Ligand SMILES: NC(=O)c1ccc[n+]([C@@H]2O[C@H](COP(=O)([O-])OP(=O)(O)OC[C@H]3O[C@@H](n4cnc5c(N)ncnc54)[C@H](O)[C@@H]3O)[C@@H](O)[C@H]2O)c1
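This document starts with one chain, in the form predicted alone, laid out as structure tokens.
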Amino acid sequence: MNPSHQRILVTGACGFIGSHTVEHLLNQGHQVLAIDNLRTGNRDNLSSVAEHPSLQTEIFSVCERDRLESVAAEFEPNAIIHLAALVSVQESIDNPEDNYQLNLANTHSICEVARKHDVKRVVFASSAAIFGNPIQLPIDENHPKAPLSPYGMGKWVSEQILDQYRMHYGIDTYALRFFNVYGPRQDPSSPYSGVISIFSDRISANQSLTVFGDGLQTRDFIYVKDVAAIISNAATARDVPSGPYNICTGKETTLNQLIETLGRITNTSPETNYEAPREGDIIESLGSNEKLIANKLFSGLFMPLEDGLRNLLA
């Protein structure tokens, strides 16, 4: 599916999704320039490919525009995958200035680097948070946008920046709207981490779980290796229309069902405490992936949730 030997610049490459994406790109025969400032990423996440002859790793922040320009000029990428970001709803509420810099200004910087260095494709990590609480399910790409947090708003405005660069400068841009990604390397120690990694870690430590709300809120969980394959295809595949894509399985799971499944896998009955909902949290989330499938950004079968959880807990 993918033409071989492309040069792909990846920001946020030492993070959870970024490291799996780098591995997938290398396995597909591409050259990768991996950039990360290790703010939330971990260099150990790339340990399995650290000595790969097609991998170059640079540790600095995308905020360092001059250095970003320099490495892009030297590497001459065919595409940029922009995964570096402030990664949580709560952190964007606590630190709105960081949200602006890391989720808005840096997107503009990436687009400018692409424009100035003749990079023809940019793949951007957007989020289902742009939709807010849905007025209909499943959510398709045309669903109204009503973000509930600075994080969601930053992702939505970033999509508009990308679209302007597509219209005026001929850059193919892909806004990948991640729903709830889970899998190995998601840091459970972070208060901003995904619910699956936090729950899995606490169950393994025989600790109680905390649910914000009644546990009936739903999420569309997608396994990280499936996401990495989609990102790689968006960066390298021929004849894929640019624009926004929902990155989801089209299946919803309540948090209570998630806890039940984790308990079954681990043969435990975790104590669960229910607390008040958090500001900015979405109640229901279920995506439509019809556009994703129709344009062949993903082929095959999505990892079933229980199988993915077993992989995570193995």
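Since the model is a prediction, treat every value here as computed from it, not as a measurement. The first residue of the shown sequence is 1; numbering continues from there.
The following text describes the form predicted in complex with this ligand, which does not appear among the structures shown.
- Between this ligand and the residues Ile110, Val181, Val119, Ile139, the one pair within 4.5 Å by heavy atoms in the model of the complex involves Val181.
- Contact with this ligand in the model of the complex, judged by any heavy atom within 4.5 Å, is made by just one of Ser149, Asn106, Thr173, Ser158: Asn106.
- The shortest heavy atom separation between Ser127 and this ligand in the model of the complex is within 4.5 Å.
- This ligand is not drawn, but in the model of the complex it has no heavy atom within 4.5 Å of Asn233.
- For Leu83, a non-hydrogen atom is located within 4.5 Å of this ligand in the model of the complex, even though that partner is not displayed.
- Using a 4.5 Å cutoff between non-hydrogen atoms, Lys251 does not count as a contact of this ligand in the model of the complex.
- Only one segment in the set 72-80, 150-158, 234-242, 205-213 has residues whose heavy atoms sit within 4.5 Å of this ligand in the model of the complex; it is 150-158.
- Contacts between 5-21 and this ligand, taken as any heavy atom within 4.5 Å in the model of the complex, involve Gly12, Cys14, Gly15, Phe16, Ile17, Gly18.
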